[in-house]
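Next up: a single chain in structure tokens, the form predicted on its own.
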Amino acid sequence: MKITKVRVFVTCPTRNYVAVKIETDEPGLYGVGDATLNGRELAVASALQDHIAPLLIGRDPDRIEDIWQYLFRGSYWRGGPIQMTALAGIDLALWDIKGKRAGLPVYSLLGGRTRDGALAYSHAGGGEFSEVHESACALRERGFKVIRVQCAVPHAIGTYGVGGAAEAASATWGAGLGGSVGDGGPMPSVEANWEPANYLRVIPKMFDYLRQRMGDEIELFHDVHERLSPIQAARLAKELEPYRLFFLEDPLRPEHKESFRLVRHHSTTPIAMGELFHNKYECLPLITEQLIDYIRCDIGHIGGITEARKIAAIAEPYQVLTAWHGPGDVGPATHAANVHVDCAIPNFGVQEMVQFSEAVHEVFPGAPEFRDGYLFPSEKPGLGTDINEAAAAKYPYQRSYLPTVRRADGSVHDW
């Protein structure tokens, strides 16, 4: 069996996605992967079309590990978000082919089920605490047992997770299952505002409000989005201890892993990190020193299933669980890959979930099924997802960028 063609699709059914279709010389046998990198979609598409695709023609698609190493190490210039997202698209398509050829779902190829379904969470948000509470209760009614909660912070206009009005509006997308800024459509190039003092005052008050009304049985947590300094993150984690968070997500910038020691030494609040990591090497110190409790890389940005299963295996003996990134800015194929891995590994923790729009389902049928708080992988051979090429052509690419955050003095801050 040989790869005969690698095709790349850039489409915008409510937001931009990059899909990869690998065709083989076996009639009707192909695989579909997702290679979406929010705000840099065309760069990934170019890497695939102009550089990677020509290298794959004539290769055996069954040799997934060899192809992964060839593309990662053989380029000499290794790593980074563009290359690893492109590699993930290829990797997912190859696993899809392998499953279809074997007549088995991908989770079966990974060793079979260790659980029936993957515990899922979604996002609740609002301008006022009462709106956050209402949003969280609506998710609980839909069956969610774990909920991420975000609220408006004074003067944080347009800032992800704390902008208030934008979160409340986007939370209505997907029948209440969307959540954060941008989950419902293309992001314009805008500037947002952020001051940590306001944020640090508000978030503990939000959790106090929610725990008084929702009790302790529902699992709640919060996304910092890498905006705090080490001492600020340590303070927040310590002040949130009484509210028993499921975890505190991404409290620090990914470049300064040693700073997690400060947070760990000052708080027992569980910590999750990894959304901006691109390979297993970036995860190592946080896992092996047990500075985090959940590793939450994006399978679509670390090179796919091949790298994800290695990261999970490294984390297992250190009692670190997985919480793969799963926002609306990665496509259904990546979400399917998340759940196939979730159901096969022993150290799964929780899975982020969004509900895609009808237009996304039209272009990319086969997203995982949500029932009573859990996500379930497709039983079809491969990943269970596909691409409707005619539908994809109806939704051309629309240029959009992530917002830029600035402090009150005008200086750039982490988004």
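Since the structure is predicted, the reported quantities are computational estimates derived from the model, not experimental observations. Numbering starts at 1 and runs along the sequence shown.
One more form of this protein should be noted, the form predicted in complex with a small molecule, which is absent from this view; the next part is about it.
**Q** Contact check in the predicted complex: 293, 342 and 374 versus the small molecule, with a cutoff of 4.5 Å between any heavy atoms. Do all three pass?
**A** Negative, none of the three is within 4.5 Å.
**Q** Using a 4.5 Å heavy atom cut-off, which residue among 325, 100, 278, 133 comes into contact with the small molecule in the predicted complex?
**A** When the small molecule is considered in the predicted complex, the option within 4.5 Å is 325.
**Q** Partner absent here, but in the predicted complex, which of 88-96, 198-206, 258-266, 218-226 has residues with a heavy atom within 4.5 Å of the small molecule?
**A** Only one stretch passes the 4.5 Å heavy-atom test: 218-226.
**Q** Is residue 38 close enough to the small molecule in the predicted complex to count, meaning some heavy atom within 4.5 Å?
**A** Yes, contact at 4.5 Å.
**Q** Spell out, yes or no, whether the shortest heavy atom distance between residue 107 and the small molecule in the predicted complex is within 4.5 Å.
**A** Looking in the predicted complex, residue contacts with the small molecule do not include residue 107, since no heavy atom lies within 4.5 Å.
**Q** In the predicted complex, is there a heavy atom of the small molecule that lies within 4.5 Å of any heavy atom of residue 144, even though the partner is absent here?
**A** Contact check for residue 144: no, nothing within 4.5 Å of the small molecule in the predicted complex.
**Q** Although the small molecule is absent from this view, report whether residue 391 comes within 4.5 Å of it in the predicted complex, heavy atoms only.
**A** Result no; residue 391 lies far from the small molecule in the predicted complex.
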